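In structure tokens, one chain follows: the form predicted on its own.
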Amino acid sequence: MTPKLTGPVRVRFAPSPTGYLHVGGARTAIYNQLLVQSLGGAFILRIEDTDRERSDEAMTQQIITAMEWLGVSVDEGPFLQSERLPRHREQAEKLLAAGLAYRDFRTPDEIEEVRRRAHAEGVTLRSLTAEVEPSEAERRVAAGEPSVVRFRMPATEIVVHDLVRGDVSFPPEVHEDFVILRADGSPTYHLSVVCDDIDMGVSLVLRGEDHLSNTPKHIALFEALGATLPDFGHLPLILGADKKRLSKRTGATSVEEFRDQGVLPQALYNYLVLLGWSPGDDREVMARDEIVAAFSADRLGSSASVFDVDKLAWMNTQYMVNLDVQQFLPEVTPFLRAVGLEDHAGTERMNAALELHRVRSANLVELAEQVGIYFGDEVTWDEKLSRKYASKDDQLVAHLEALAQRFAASDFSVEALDRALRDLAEEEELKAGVLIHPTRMALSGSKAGPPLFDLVSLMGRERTAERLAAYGRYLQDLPPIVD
């Protein structure tokens, strides 16, 4: 029977520091935090670094930094699993003493042969166990003979009452006695994770479905150690566009990669929440407090979700448009630094530029590149378009000079700049666009962008005059077209 959650709960996120924070792991962390925020309790961060060959301290910090950037905070931790190894060994000895575990002296090659035989005969590995008497095992250990410690799995059906997937049954024939202490005395994942969950009082284990097959082992260990079983929930996979497990082959997979692509943390958080959970209505863009208020575990889906990069991009634009500039200034500053504009971050002109261009930028990378036109001294003009503009007005240079004078005489408000250009166009019997398009090119080097007079006003009186004059000289110096 699927458990009904009541608060408070103690949950944990337990990544291995063997790589960057994957979006699947980030989603798991988000859901665990939301459970605590909606039900009360505590959210624990535990770094499972017992695989010393693959664990990296730098990756531990990367995971912590990525969670902080995403806005996922914890109540306890981070705890390093490697610091608890004596406790794990102590529990293994307890199981040995109770006859719930035993020593296995077979070599890896012998185990491989046993596996081959078990497969050929259609039986479990346990049925071919070469167990020795405890006294004989003690003698061989004292003599220095290497051995592992195996946990004795019960020969009964184990049912996982999964809050996401419902009841999942594991018959006795699929159980194998598994190693809990390696020959060097180091504990395996299964023993360490159960010991830590017990000692940290974890009441709910919410993790990816790749751990579902481990859960019968963990249930048996909890019971053997005399501990209360936590509730379990296993989240489905996140798939790529090819409907296979999300991987680097099909695009970005880590929180850091999306951060470096200029995705806002609020947008990525919102998008990940909806990959496997629904508020029960058609809402998609939701503030954090709305998500917390609506979140409940019974709306977690059991089907795999497809990571749609286009949908994330759309979500990002919604936040780019609706957040106050000050809310994403910390996120955009590294991108301003990358284009040499860090010194302008936080200034009135930069804030105005970000405000003007954020609705025309898909991400922070684009935004940082677009606002550079207000601070640099050089502009690159499009020769083909410039010739096109000049072909429509054989007095274009003179008209731009006149426009510069009228701009300079105005109060530089958007309304005054608009009126100055349109008055000049009317007097010269020109369509306004004949002046609008080359003016935009002169100031920004682009044929598109924000409303022209917002751009001119923000550009400022001095820089506008300089660029119009420089563009006039550029037009005059264009070499003739050779047939």
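All values reported here derive from a predicted model rather than from experimental measurement. For every residue, the number given is its place in the sequence shown, counted from 1.
The form predicted in complex with a small molecule is left out here; the points below concern that form.
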Using a 4.5 Å heavy atom cut-off, which of 88-96, 392-400, 269-277, 187-195 contacts the small molecule in the model of the complex?
187-195
Does residue 165 reach the small molecule in the model of the complex, with heavy atoms at most 4.5 Å apart?
no
Residue 207: touches the small molecule in the model of the complex, heavy atom cutoff 4.5 angstroms:
yes
Hey, in the model of the complex, does residue 418 get a heavy atom within 4.5 angstroms of the small molecule?
no
Should residue 14 be classed as touching the small molecule in the model of the complex when contacts are defined as heavy atoms within 4.5 Å?
yes
Candidate from 360, 211, 406, 288 lying within 4.5 Å of the small molecule in the model of the complex - any heavy atom:
211
